[in-house]
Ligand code: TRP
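As structure tokens, one chain now follows by itself in the form predicted on its own.
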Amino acid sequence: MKKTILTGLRPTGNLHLGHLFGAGQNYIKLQDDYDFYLEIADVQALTDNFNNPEKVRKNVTEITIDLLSIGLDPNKVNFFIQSKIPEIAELTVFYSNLVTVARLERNPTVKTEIAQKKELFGNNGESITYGFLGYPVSQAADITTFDGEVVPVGEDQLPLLEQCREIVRKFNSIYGETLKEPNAILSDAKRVKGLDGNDKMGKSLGNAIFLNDTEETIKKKIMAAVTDPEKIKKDDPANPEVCMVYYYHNLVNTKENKEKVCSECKKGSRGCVQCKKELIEAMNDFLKPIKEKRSYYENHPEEVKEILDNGTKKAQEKAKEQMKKVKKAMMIDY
């Protein structure tokens, strides 16, 4: 029997190249070998979008279309909506008794995000909600509701997975061997940098190319991308290793063209405008099949709804079976 894999994405906006190279391509490789559950984590999206539910609601469909467009197969992947699985919320409550506030605050991933919020809002953490702090507990419930044995994550998410493993061990030590400890599947993909040279491409950073960007939008973004600051004149030799335009050529262009760009850049035989125009063409070619699939699903919303309904139904069945085991172990199976 195939092992169960669980992963999820928060519907806070469309997917960008960072999602595609950092996670999406890995999902495509894994979908043939596992019983794959992919959660559209609308409840977790509300932890920092609670005052904008329209945004979350809209993006449930948008992010599903993005995932289908990059090649995830609904016959192999169970897409489901988190809020339609009440067992996740129930397990979150049970697990909240097994984790101290101090332990949550020590979680490296949570600490980093809290520091960012303090810097952003400048109020010593008073903007941190109970739901935000308890995110790792909710994530542990996501994974164990489906008896997730493996979870695809990036290195920055490993502390969250370890928190889940701790919760599982604590639960099993009290109530008997009931839950499985999940293991990580690390992607070999590196985090994609933003057009501005930032180490992270982010939805809110204004430095991302989204999978649904129009050709005109892509043109504007690439023409504004950061190049080698030492290259002043068109014919000046430059260092492609510090140029974001060359960085993206490496992601989406052919090997032959990448080598040509690198060589000509170092010799000073190409200008940045020419290089950017060639990248725009390569980027549009790269995204063309994704956009064609996206267009199909945009024009068939009933098919997207059916995919979510079917996947959610399978997830509900699995969650109910798991909750029976949990409640029996906890002696609350009245």
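In this text, rigid core is short for the largest set of C-alphas that superpose within 1.5 Å between two forms. Residue positions are given as counts along the sequence shown, with the first one as 1. Note that the structure is predicted; figures quoted are calculated from it, not measured.
A second form of this protein, the form predicted together with tryptophan, is not displayed here; the remarks below concern that form.
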Which of 192-200, 205-213, 92-100, 153-161 lines the interface with tryptophan in the predicted bound form (heavy atom within 4.5 Å): 153-161
Contact label in the predicted bound form: T4 to tryptophan, heavy atom within 4.5 Å: no
Does tryptophan come within 4.5 Å of any heavy atom of T64 in the predicted bound form? no
So, A41 and tryptophan: in the predicted bound form, are they within 4.5 Å at any heavy atom pair? yes
Heavy atoms within 4.5 Å of tryptophan in the predicted bound form: does Y135 have any? yes
Interface residues of 1-28 toward tryptophan, as seen in the predicted bound form [heavy atoms, 4.5 Å]: L6, T7, G8, L9, R10
Just checking, between this form and the one not shown and with the core aligned, does N212 shift 2 Å or more at the CA? no
With both forms fitted on the core, give yes or no for whether the Cα of S187 moves by 2 angstroms or more between this form and the one not shown. yes
